[in-house]
Ligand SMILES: NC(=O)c1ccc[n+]([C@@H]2O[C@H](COP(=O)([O-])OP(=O)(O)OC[C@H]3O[C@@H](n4cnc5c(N)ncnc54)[C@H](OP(=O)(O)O)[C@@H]3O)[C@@H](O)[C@H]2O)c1
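Quick heads-up: it's one chain on its own, the form predicted alone, in structure tokens.
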Amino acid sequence: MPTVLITGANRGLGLGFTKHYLSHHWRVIATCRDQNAASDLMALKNQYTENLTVLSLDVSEDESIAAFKDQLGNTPLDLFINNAGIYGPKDGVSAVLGSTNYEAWRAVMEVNVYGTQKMVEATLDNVRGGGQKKIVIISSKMGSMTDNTSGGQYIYRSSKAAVNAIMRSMAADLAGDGISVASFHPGWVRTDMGGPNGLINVDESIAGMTKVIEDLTPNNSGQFWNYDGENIGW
């Protein structure tokens, strides 16, 4: 039975990934910041008592990552989906040139960028010990330089551009270990983060991404994928 680690699994895409892999008979280790506020995830725990482990984790806190690492121990990971992330302020002002909220920017970078790097470092030996050896980072087309023709959104855009740069370096550095790495634009999804006007639902996004993940190998490692399997320009 393969094992997947999914961060930010209490809602949206993280919860969607959790449901998908449980239904395909994977062992799932799912994390969230507050289990008491993760009712949907804990309901799944009651349903899949053997295959689902829920662990508390805040990727912006070093102490939390260390505690998580202790609980994970030497568990081999076939797949690590680094999904935990935040958008930052949505007030229409804080990410506009001339009125940047730098405190909010630091908070977004702490989760989306530093948290991603820290979690890969914390679980690298576990992935090395897995059979499939895959690391997936949920990014966004908003991190694409090629796609950015509208400007604005400095905080979120910069965090996802940084995540893509991290992914490319990881793909090169881990090639010798046979580890495949990729980042994904999940589409504009109707979630709490994406809002009600998204073009696709969670199930559509998850179905597309998991198909690409299934086909991920060292030969196509280091790429930036759309949820439907198309490559995205940097």
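So that there is no doubt, residue numbering starts at 1 and follows the sequence shown. This one's a predicted model, so the numbers in the text were calculated from it and none came from an experiment.
Quick note: we don't show the form predicted in complex with the ligand, though the next part is all about it.
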**Prompt:** Does the ligand get within 4.5 angstroms of any non-hydrogen atom of K133 in the model of the complex?
**Reply:** no
**Message:** With the partner left out here, check for me: in the model of the complex, does some heavy atom of T191 sit within 4.5 Å of the ligand?
**Reply:** yes
**Request:** Flag N83 as yes or no: does it have a non-hydrogen atom within 4.5 angstroms of any non-hydrogen atom of the ligand in the model of the complex?
**Result:** yes
**Message:** V111 versus the ligand, in the model of the complex: is there a non-hydrogen atom within 4.5 Å?
**Reply:** yes
**Message:** Is it the case in the model of the complex that G88, R157 and N226 each bring at least one heavy atom within 4.5 Å of the ligand?
**Reply:** no
**Asked** Exactly one stretch in 45 to 53, 66 to 74, 165 to 173, 178 to 186 has heavy atoms within 4.5 Å of the ligand in the model of the complex; which is it?
**Response** 178 to 186
**Item:** Residues of 46 to 85 having any heavy atom within 4.5 Å of the ligand in the model of the complex, listed in sequence order
**Value:** L57, D58, V59, S60, N83, A84, G85
